[in-house]
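Starting off, we have a lone chain in the form predicted alone, written out as structure tokens.
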Amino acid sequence: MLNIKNLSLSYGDKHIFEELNIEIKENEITAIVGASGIGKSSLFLCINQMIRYEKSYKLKGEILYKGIDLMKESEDNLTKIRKNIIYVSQQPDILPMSIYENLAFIARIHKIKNIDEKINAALEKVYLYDEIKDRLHTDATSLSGGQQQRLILARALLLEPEVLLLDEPTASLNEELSHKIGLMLKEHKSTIIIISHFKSQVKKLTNNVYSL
């Protein structure tokens, strides 16, 4: 699904990684582990090419998505491709809208049909629907940190991407919810790359582990 070849990234004089090679297999969960600040989140920005919006960066190598080198694609093409390669940040990117509109707004942009049905299904998948079904039209920023984290995960699942880039997806969740979300991801039919500091989670969920 993804083949990263000889990838080198630097910001100014600071080298983040050099000659990085990673193969991501389709419909498997791959973990990226390593110390804080070593470049795991930067790698995700490279994969979905949002790195292009960073300042003073240098990037060399290849990032092949189903044989297409993303580093050579135009921004117009990347806009379409990013629907299939979605990055869910550790910090919830909540839109200044209602809970419902945080999902519906994205769904309308991507012309998804049966929006209400699919929104409910996505919220149920992340075990959030029962908690917020009576306040879908209230401000999304009123949700707790763990609820916001699940909301942006639901928003990603709503688009049915081929590749999910998940940066500490259960960091704000209690042990029970973390376990449930982990099982959901394991059963979810897509290619998942996960950053996690939880060794037990990596061991239980992943097929492959790369250490930076």
Partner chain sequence: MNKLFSKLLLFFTGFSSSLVIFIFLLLSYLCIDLFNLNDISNFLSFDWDVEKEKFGIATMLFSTMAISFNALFLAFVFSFSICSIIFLSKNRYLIFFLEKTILLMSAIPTVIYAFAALMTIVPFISTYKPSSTLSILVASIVLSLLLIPTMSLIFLNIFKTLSLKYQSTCLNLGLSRDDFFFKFVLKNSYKNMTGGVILALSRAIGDTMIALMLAGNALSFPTSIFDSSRTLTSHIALIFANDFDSMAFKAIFFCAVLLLGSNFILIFIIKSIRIK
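This structure is a prediction, so every number in the text was calculated from the model and none was measured. Numbering follows the first chain given and starts at 1.
Omitted here: the form predicted in complex with its partner chain. The next part is about that form.
Between its partner chain and the residues Leu136, Ile112, Ala104, Met97, the one pair within 4.5 Å by heavy atoms in the model of the complex involves Met97. Leu159 is the sole member of Leu173, Leu70, Leu159, Val33 with a non-hydrogen atom lying within 4.5 angstroms of its partner chain in the model of the complex. The stretch in contact with its partner chain in the model of the complex, judged by heavy atoms within 4.5 Å, is 48-56, chosen from 142-150, 180-188, 48-56, 33-41. Mapping the unseen interface onto this chain, Arg82 counts among the residues with a heavy atom inside 4.5 Å of its partner chain in the model of the complex. Using a 4.5 Å cutoff between non-hydrogen atoms, Leu123 does not count as a contact of its partner chain in the model of the complex. For the chain shown alone, Tyr129 is not a contact residue for its partner chain in the model of the complex, no non-hydrogen atom being within 4.5 angstroms.
The closest heavy atom approach of Asp93 to its partner chain in the model of the complex falls within 4.5 Å. In the model of the complex, its partner chain lies within 4.5 angstroms of a heavy atom of only one residue of 124-156, namely Arg155.
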